[in-house]
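For reference, the chain that follows is the form predicted alone, supplied as structure tokens.
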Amino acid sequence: MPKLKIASYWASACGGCDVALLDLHERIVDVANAADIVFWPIATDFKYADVERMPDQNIDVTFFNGAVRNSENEHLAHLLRKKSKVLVAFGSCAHMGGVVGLGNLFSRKEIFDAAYTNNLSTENAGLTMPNLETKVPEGKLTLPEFYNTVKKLDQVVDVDYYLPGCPPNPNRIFEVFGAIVAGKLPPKGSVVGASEQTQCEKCERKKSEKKIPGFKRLATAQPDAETCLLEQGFLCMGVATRAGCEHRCQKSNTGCRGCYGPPPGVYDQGLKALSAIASVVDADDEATAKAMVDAIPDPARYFNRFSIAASPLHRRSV
């Protein structure tokens, strides 16, 4: 049986998804026995031209991590879609826009001002900004165009499967790879490497019907390690998030951040979490409820930390 041809590409992301692949540790040998890596820029010396020379659908499976933030990301998304039989949105940024998608709460100009002119650590008296083209004696240098709006992968190209997480759990990655090798993937469009149940349904912390009088922050309070974090007043996205990560956040005594995305049937992860959390607020009047909600820092970025690009919010009107 011939080996599979697999590829991995890092678009606009932090690099954690590629590290998660390396976190397979000795199991990477099993991957190497079943598949040849034909494109993985972070790990081996492949060039874009190598992919461009490949026949269409030459790659069996491509794991594409990162959101589409600029023209280079978009070009590679179309190129790898053309060259791949199966394209997997790998990790939160490709799946839902991820933390990168929070850039949609600002305009391109605001982001550039913050990065290059209006901050305490940058000296830029000439107000120099990145240019798409710069002529030098040796020729012309180019940069990708930085888009005003961040997109998740399936807003740019057709996606076959979604493997969520920030980053995906290595055990789930290996399970998905095994399913690929065995030819036992679910129907196209499925979320793989995750449960259809929520974090709350799988979480082993003690739960009871309880109203909370207010919200706490880890910076000023310490939760106990056995009771439901939300019932202790610590925000947790577990009620609106798929299980599959092995509860890495909760086991570290902090609330779920929502990186595995919404469970089946949930249209907007942030609204689902907000609704569930509102149901346990112990407030008899609107003023008390408002005071409690006002204690949550930056609700838009908390409840849609990973999913702004996938949500009805999508971006701020600017």
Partner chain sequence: MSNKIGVYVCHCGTNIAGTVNIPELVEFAKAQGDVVVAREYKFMCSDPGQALIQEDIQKLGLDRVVVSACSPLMHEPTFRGACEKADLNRYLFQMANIREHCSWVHVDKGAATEKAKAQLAGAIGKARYLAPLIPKKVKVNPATLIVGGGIAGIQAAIDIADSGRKVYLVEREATIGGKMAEFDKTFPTLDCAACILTPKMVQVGQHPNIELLTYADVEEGKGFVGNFEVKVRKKTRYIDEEKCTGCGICQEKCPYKTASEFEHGMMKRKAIFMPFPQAVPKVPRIDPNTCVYFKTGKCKACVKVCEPQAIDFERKDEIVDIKVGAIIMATGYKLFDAGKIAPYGYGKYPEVYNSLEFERMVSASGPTGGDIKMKSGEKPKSVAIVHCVGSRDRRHNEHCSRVCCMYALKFAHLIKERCHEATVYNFYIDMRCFGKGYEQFYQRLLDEEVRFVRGRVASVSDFALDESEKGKLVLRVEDTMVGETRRIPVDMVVLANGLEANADAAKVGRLFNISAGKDGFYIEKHPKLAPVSTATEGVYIAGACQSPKDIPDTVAQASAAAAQVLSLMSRGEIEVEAATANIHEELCSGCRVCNTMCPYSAISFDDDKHVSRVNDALCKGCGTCVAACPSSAIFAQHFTDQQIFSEIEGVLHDVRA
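Nothing here was measured: the structure is a model prediction, and the numbers come from that model. Positions refer to the first chain, counted from 1.
Another form exists, predicted together with its partner chain; not displayed. Remarks below refer to it.
S.K.: With its partner chain left out here, work out from 250-258, 34-42, 267-275, 60-68 which stretch has heavy atoms within 4.5 Å of it in the predicted complex.
M.R.: Stretch 267-275 is the one.
S.K.: Would you mind picking the one in Val192, Val239, Val159, Leu102 that has a heavy atom within 4.5 Å of its partner chain in the predicted complex?
M.R.: By the 4.5 Å criterion, the partner-contacting residue is Val239.
S.K.: Among Thr142, Asn118, Gln197, Asn124, which has at least one heavy atom within 4.5 Å of its partner chain in the predicted complex?
M.R.: None of the other options qualify; the answer is Gln197.
S.K.: How about Ile28: is it within 4.5 Å of its partner chain in the predicted complex, going by heavy atoms?
M.R.: No, Ile28 sits far enough from its partner chain in the predicted complex that none of its heavy atoms falls within 4.5 Å.
S.K.: With a cut-off of 4.5 Å between heavy atoms, is Ser208 one of the residues that contacts its partner chain in the predicted complex?
M.R.: Taking the distances in the predicted complex, the answer for Ser208 is yes, it comes within 4.5 Å of its partner chain.
S.K.: According to a 4.5 angstroms non-hydrogen atom cut-off, is Glu201 in contact with its partner chain in the predicted complex?
M.R.: Looking in the predicted complex, residue contacts with its partner chain include Glu201, since a heavy atom lies within 4.5 Å.
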